[in-house]
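Below you will find one chain, with nothing else, as structure tokens; this is the form predicted alone, and questions on how it binds or moves follow later.
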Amino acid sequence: MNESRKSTHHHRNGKGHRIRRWFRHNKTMILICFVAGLAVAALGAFGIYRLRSIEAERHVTAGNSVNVGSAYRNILYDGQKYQYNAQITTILYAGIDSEGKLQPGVTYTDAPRADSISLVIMDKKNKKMTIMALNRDLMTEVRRYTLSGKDRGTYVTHLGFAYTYGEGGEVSCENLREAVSNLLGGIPINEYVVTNRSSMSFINNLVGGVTVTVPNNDLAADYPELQQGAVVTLDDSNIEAYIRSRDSDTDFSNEGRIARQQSYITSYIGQFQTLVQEDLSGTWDRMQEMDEFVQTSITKNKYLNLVNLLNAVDFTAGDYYIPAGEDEAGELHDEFYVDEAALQDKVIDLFYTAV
């Protein structure tokens, strides 16, 4: 069941019709829960590569809203003025399809692909947290580079390749951050956390193993304990399969994987909240062990503040949002075209207040 098709990051040339289709319609390695991301985030401080400037006239998305103030802060949508909620903190999490130490490479455009991408939205004003799971196959604008790092501008391709086109370090992280920000109309991404397959067992064991209700039978043939509806506490023998594996010979199998990841994240959050409430310092100390498997913009002080914020917001299974859209079979990879109107409505709902 493990993914076996070789990933490539070369976007095929005959994509003009898909790009035009995308504009005509106006424009979801692993999805580990936000709390796990926060945990590993604290393991080390990495310098923050400056986020590229958002175009001054950029819309909320490619829909019917227009800029009436300063970039994303004040917008007009369906005739209503909205103001950005400044009490929101966003953290981008990505699970990378690699093992071993996460470090920059010698050249650009050959870094691993982001297998899983999610945005954590912590709203202090409304005391709620939302997790937006973004399909790695989502077709959107991504910045690409030459092997030597020269900026070649943006083009439409899979969101997961945004990390690939960097050098496997800060540029890759920032490139993915920019792509997600632009997808959401310039919404600022405050922090990022990137981990890879080497972190999976550690993150699971940090809370003593996560107990999940299995949502589908995708893994049942190879893992009999993972039958749909079964209640299982994941351990080293099945954690990687549960949150990473899919049948790469089946179109759109990433959807089943996302469903398993949703069950994992929902369960993990409660267990992690209990852990940090009981032993915040000890949890920090244990996280130091996987410093080399993490890339993040979060420092220790930020981590402590974010944990405090985590304990002040509510999260339920209904706060896990997967954007709707349409799957298409591409020549090399599955492609996902997001429902732009629905996503735009969600951006307004999550980030803005009517004025």
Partner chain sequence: MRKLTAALCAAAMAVSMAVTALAAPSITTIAPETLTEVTTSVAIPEGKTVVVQAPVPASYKSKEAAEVVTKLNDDTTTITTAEILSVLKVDTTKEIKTESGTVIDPTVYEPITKFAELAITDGATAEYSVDGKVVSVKATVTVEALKDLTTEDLKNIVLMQIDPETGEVYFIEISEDDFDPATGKITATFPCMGPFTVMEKAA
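Only a predicted model underlies this, so the values are computations on that prediction, with no experimental measurement involved. Residue numbers count along the first chain shown, from 1.
Beyond the structure shown, there is the form predicted in complex with its partner chain, which is absent from this document and is the topic of what follows.
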* Work out which of the listed stretches, 224-232, 73-81, 180-188, 158-166, brings a heavy atom within 4.5 angstroms of its partner chain in the predicted complex. => 158-166
* Check each of Leu219, Leu102, Ile131, Val212 and return the one that places a heavy atom within 4.5 angstroms of its partner chain in the predicted complex. => Ile131
* Determine whether any heavy atom of Ala86 comes within 4.5 Å of a heavy atom of its partner chain in the predicted complex, and answer yes or no. => no
* To do: Please check if Ser172 has a heavy atom lying within 4.5 Å of any heavy atom of its partner chain in the predicted complex.
  => no
* Is there a heavy atom of Val313 no more than 4.5 Å from a heavy atom of its partner chain in the predicted complex? -> no
* Asked: Taking heavy atoms and a 4.5 Å cut-off, does Ser237 contact its partner chain in the predicted complex?
  -> no
* Asked: Hey, which residues along 270-305 are within 4.5 angstroms of its partner chain in the predicted complex, non-hydrogen atoms only?
  -> Phe272, Trp284, Met287, Gln288, Met290, Asp291, Val294, Thr296, Ile298, Thr299, Lys300, Tyr303
